[in-house]
Every structure is written in structure tokens, then in C-alpha cells.
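The C-alpha cells that follow cover one protein chain in two forms, given apart as structure 1 and structure 2.
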Structure 1
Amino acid sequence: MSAVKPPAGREISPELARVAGRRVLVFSPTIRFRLGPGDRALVEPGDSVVPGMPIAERTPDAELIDVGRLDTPNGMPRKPAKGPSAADDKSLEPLWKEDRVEAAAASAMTRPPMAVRATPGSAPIRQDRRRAPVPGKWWVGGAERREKLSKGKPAVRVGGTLLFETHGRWRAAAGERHQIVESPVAGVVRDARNAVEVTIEVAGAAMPGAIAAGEPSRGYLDVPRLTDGELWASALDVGRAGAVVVAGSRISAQAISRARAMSIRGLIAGSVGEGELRDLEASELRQKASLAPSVPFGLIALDGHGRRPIATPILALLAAMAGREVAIVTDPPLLVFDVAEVPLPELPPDWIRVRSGVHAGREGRWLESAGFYRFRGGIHLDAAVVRFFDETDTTVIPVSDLERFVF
């Protein structure tokens, strides 16, 4: 995939340059996948990733586990403490094992290392040399450490990351159930640390958003016909399964629930309410508690919480990208187009949009500067004369309430 280059900037007047610019596209952004205790990265810095490639493994039901004493840095087990019961203390046996041990080191150990089997469809397990226990290293242990070994049943292995050492004994965040996290974009891994994060530099362009929720997801972009700037929830049917749908000015809780039930991968809107975000978070928690598999679902709001329609230039860009694969990323909020070229809409250089105030969401053209203008309440502000596209009369708007689009 060839690199995407930003278009050359357009010449604007010095007066119009005082209006805050809103960048519609960013190129080669860096995204993050935050990991918690018990999670591990399946990639390393410098690796190239493609959409659908496993990059991390989460432990949703991680618990604090006492894993006992681990090996010393030279690879030999710790010497047991002096005492009559020291020989019977099994907690002194080394339990920490890496995914693979070199042949020379394995022959020197009294116990063979435990192999971790990769689940079907997951990425190959990273092969590391045996090193001393440090916080964040991957650990594999048995259910007997949690006193859950039942008679007649095989021991269940648990896995997680080491946390800290106290009085010679290590604690780990581990669990029996693990979930694979797949990359929704193509790019290059810049940083990968267990229990911390995986950072990827995206190969392509992205549209910044104000708010993102849910999980990173990927699907084909669907731009349906909007009625009065909004999409009715009834239009979200099973025929749009696997799509990232442009939902218009605002997303309702009913639309979010219906979209998830129809296996839609994501929704794009101008704004979203805090109540809808809480409903989405509660729905995700219920889904995880039920252990039922579900497809990733993401949500992105381009303008935040205030109700306003999607800007005309942005909607034109989305319409030009309809049918192509896009991805919703939550950290930071981005709509990623991992394509070589992005078709830019024709936009007059003096096109502006009101981002706050009583005319928030309206668009028009910059006519001239009005200097310091006296508004209601006796407040004098730097203002401009604009003409909205649906009116013939002019309106004086504070310059601080305006924004212009920069591609």
C-alpha cells in the first residue's frame, strides 16, 4: 500500500485565517490498544499487521493469584528456607515458565517447561528466551494454586501476567478464560508491552472524532439516505450486517440496541448523548458476563454531545467512500480509511460552519470581517458577516464560534 500524502493547502485571506481550522483528515495516525493486568501482547515492535490479525490476548476474569517463589535470574531454583517444614513446602518449587526454553537451558532444569498451546485461529505464540521474573511477564500455572482441583477432573491451566514480588513470593493477575483482540487496521507496531498497551502506526488516513465508545471494529461503509439529517432505527436491519453505518445527526439508545442485534459493526453520527453511552457500556458488560460470543461493535460521534447534523463536507467525503472498508478506533477516536487515496470533495475556501452558540451546526460562506461588534448584553467580540446557504440575509457571528475545514 502506498503512503497517503496530504493535499496542498489552499490560499485563504488573512481575515479568514483567524477562524479556527478543523482538520478533516489526519495521515498515518498512531492508535493504542490499552491492556490491563492479565493481558499480553502477541506482537512485537516493528511487526507489520493487517486487518484481522491477532495483536493481543485479554483475560476478562483476571484474579490476583499467589504463584509462589519463582526462579532466580541465573535459572536455578531458590534455596528453601531453613526449617523442619521447608522440605515439604511445595510453594518453593519454580512454577514460572516461558513459552519456550532453549535446549541448553531445558536440559539443565530439573522440570521440563510447560508448553502453552495456541487456540485455533489465533496468532502464533511469541517465542522468548527464558529470563528472570519481572512485572508484566507471561505466567502459566495450574488450578491447584487456586484450590479448585476437583477429583476426577483434569487440572485447568490458568495464564496471566506477573504483577509484583513481596517477601520472595510473586503475585499474578491470571484467569482461565482468554479473548483474542484483532487489529482493525493495517500498520506497523511501534510499542507492545504486556499489561500496558499495543501501539500501532496506521498505514492510511483517518477522520478524527470527538467521542468513541464500544470496541474497535471494522466493516464496509454504508451511507443510507437520511431523513431530516437522521436515520430511523427501523432502517437498521439484517441487510446491513457487517457494515459501519452513517446514522446522521444523533444516535438513540434504540438504534444502538438494534444495530448490535443485527450484527452491524459500528455507527457514525454527529453527536451522542451520555445516557446512550451508559446504555452501551451496560450492554457490553451484560454481553461479557453471559460468555456469549459477539462481533465487535464501535460507535463514533464526530461533534460530541451537542445535537447537530454531520457537516456537509464530511458527509460528502463519507458518501465518496461508501462501500469501502473502514475501521472505528476508540483510542483516539478515529474513523480509519486504510486506502492509498482518499477522494476529497470540492469545497469553497470560504466555507465555514458554526460550532457553538445559537446557530450551532449551520453552514454558510464567509463574506467579510465585521470588526469588533456589540452583541447582546453589551459584549464586544471580533465578528464576521456570513450568509447561511439556506438564507438570503446575512448574519453577524463571533469569529470564535466559527470553524473552517482543512483537508
Structure 2
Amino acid sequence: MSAVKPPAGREISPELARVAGRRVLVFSPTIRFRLGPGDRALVEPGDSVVPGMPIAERTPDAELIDVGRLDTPNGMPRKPAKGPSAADDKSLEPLWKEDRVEAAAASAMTRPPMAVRATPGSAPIRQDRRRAPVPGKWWVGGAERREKLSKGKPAVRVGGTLLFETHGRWRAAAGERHQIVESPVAGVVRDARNAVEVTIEVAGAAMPGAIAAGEPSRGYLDVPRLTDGELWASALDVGRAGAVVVAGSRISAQAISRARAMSIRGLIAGSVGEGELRDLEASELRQKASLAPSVPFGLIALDGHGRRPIATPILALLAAMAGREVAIVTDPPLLVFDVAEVPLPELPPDWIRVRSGVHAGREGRWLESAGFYRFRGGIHLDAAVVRFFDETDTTVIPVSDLERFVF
């Protein structure tokens, strides 16, 4: 069985319908890249992107720059912004409103189209310069642009986005250093706003995760042999450079450090602890602060923080996709398969998995509803009788601890 679009849901019993459904695949999800002051989008809504294409340019060390007065497109200095005084006198508008002025203003507010494959400093910037200064507009300047050139010092060029204008003078968030953000996926740009965000509608299918950290990254999917559902950190060697590796039930801090050192692009696991996430965040910050940043590295945990093995249907799906290019996206947490057709494992409709509690990670079949049942601690919960696939006896589990797979 394979999926090229969301398959229609199979009929299940009302009791089984009370079990939370876990969607294994989503189709054409929208992903987001957050930008901040000083960052600009290199794409426009409607643009098609492919993996590796620059979509944004970040300014990691953006600081406040007094840009000064900026000329409007017709060469005249822009009128200083007024303070909290009275509103415009509408009665004077007909005296100076002219068609060509309105047309020029309208064109100034419309963003000119940018080349999709733009690189910093090329055509888009020249086009951008012709627009009236507005918040978020890309600005490039240096000491000489601000008439502060000091003798004997090389001119430093900074770039960033305009922030706001007061008393006729513009402020910008700009810096010397810039980093290009490349799209890890193929898709269509849905929104692109300087200093705010770039959103892309992904072409293809994706597997949702619970937690993602690091940076969006891309590589070939490597599904090594797991020992008791775990992957030893020593298995992460240089031979896996460029891969997104399935790392078993839990990612350790040692595995993360080793994977980054081996130029592995990402790790996929059932769970990851908060301590490991903090270590990774600190490592990312150090990496960004260095002058020679390494390749993007991302990790995704499919279930949460508590240790749980990867669900067998998901592991089967990953095994079927082994060797193909996949991308880890952090917002929202997704493992993206660019292909539209994903091989799906065959599962009986009553196949369930325990997602929390003492039996977390175990899988089996739903037998029947057990009604309200008294569990440990004297807690009464809606319960179900299940049979785990490696047992002959039945077990009563709270329905709220179960999940079923929805493709």
C-alpha cells in the first residue's frame, strides 16, 4: 500500500474511535522560518523553491544603526514623520493629489518582483533600493554612507533591515556578517516578509514529530540496525556524514555531540530529554557565534521526552524510505519526504500502541472496551482490554494511554 494523498479513513468501532488517533503522515504541510530584525526574505509569495535554494538571509549580530535621512524614489528627501499632533487635514487633499503621484505612490508600495535565484548583492537589492523606505526594507550602508568616514580605517559595510523612522531619521538593524538560509524542502512560498517570516507549503508528505531542535537540515535517510531499539553512539561514524540517522528510542548528549562532529545532518529518535535539548541549544549558540559555522544539524523526537521506542509502523515506514533524501523541519516538527508517494505499512485497524504509562511503547491489538476501571492509586478511568503482540494474556489499559495510527 502506498499513499499519494490522504487515504479515506477506514470504518472502526465507536469504542475504538475513542482511542486517540495519531496521524503518521500529513500532506502538503506549511512550514515556517522565523526571521528577526536585520533578516530578509530572498523569495516572494508564489515562488517555487527546491532544496538548497536560498530563501532568507540572516544577520546574526544585528545592532542598531542610525541610517539618517533616506531619499524617496524621486530623489527628494522624504518628509519627516510627524509626532503626536493632529490628524491630516483631509480638505487639502484635492489640492495636491494628482493621478501620477498616486500611481507612483501605489507602485512604491507594491514590492517589485524578485528573482527566485537571487544572491545577496545582486539584482534584487538594486530593485529594492528604488522603493520608498519602509520598515523592513533591506538597507546596505557603511560609515561613508552616514558621513562618518574616519581616515585610516577601512570602510565597513553593513546590511540589514530598516526598523523605524523618527524625526526624519531612519534606524536599522544591521550587521557586517550574514548567513544564507537554504530551503531544506521543495515547495511553494506562501508568505515572505522581511524581519518576520518565510512560510512554505511543502510539496509532498511529512511525518509529524513531537519535538524538534537544532536547524532545518537535509540528508539521506539512514536506518541502521538497532540493538534493543537503541543505537550505540559509536555507530555514528564519519561514514554516515550527510545522513539523517534513525537513532532508536532516545538520543543521548554523547550521540548528539558525536553526530555533529561527524557532519551527520540529523537524528531521529523516539524521545529526547530536556537536558540534551539544552546542550544542543548551547552548542548551536556557540556555533553561530563562531566565524566558521558548520553544516545545519537538526533532531526530531517522534513521541516526547520520556523514553519510548519508535513505533513499529513508523520504523517500517522509515526503513522503506531508507536511502532517500529527507529533511528535518523544526517549525512545526516534521520529517519531510519530498516524494508524493510514500509506502505505507499494512496495519490491522485494531492495532494500538501505548503512548504513556508503565507500558509505554508496547503495541498490540484492541480487544474490547472494559468500561470504567479502577487503576493504581484508586483512579477510575475509561479502560480497554488489549493483547500485546508478544503476549498471550490480555491487559487492561486506560484508553487515554492508547493511540492508534491514522495514515
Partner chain sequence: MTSQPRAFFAVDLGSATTAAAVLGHVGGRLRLIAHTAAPASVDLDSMLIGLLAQVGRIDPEMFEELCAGDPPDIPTLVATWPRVVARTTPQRRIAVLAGSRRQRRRLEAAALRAGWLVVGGSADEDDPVALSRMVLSIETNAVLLGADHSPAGDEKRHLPDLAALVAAAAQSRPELTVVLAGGAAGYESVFAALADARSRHQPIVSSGVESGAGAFEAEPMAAESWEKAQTKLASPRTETDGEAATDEAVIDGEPPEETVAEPSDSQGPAADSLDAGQPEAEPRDAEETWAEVLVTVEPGAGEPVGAATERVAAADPADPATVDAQAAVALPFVAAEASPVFPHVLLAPDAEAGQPAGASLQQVLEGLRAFPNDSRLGVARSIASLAYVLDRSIETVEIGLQGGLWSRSEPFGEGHFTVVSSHACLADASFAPANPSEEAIDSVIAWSTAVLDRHKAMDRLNDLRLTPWGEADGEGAVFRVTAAKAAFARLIAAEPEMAANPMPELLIAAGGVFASAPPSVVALAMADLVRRHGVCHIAADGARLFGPLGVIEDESERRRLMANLADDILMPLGSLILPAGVRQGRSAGHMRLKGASSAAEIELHAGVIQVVDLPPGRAARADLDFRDAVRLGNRARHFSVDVGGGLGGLLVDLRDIPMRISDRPESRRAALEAWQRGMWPEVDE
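Counting starts at 1 with the first residue of structure 1 and goes up one by one along its sequence. Computed from a prediction, not measured in an experiment: that's the story for all the values here. Superpose the two forms; the largest set of C-alphas matching within 1.5 Å is the rigid core.
* Structure number, where the criterion is the form predicted together with the partner chain -> Pick structure 2; the other is not the form predicted together with the partner chain.
* Asked: If we fit on the core, is the Cα of Gly46 displaced 2 Å or more between structures 1 and 2?
  -> The answer is no; the displacement is under 2 Å.
* If you line up the core, does Phe375 shift 2 angstroms or more at its C-alpha between structures 1 and 2? -> Passes the 2 Å threshold, so yes.
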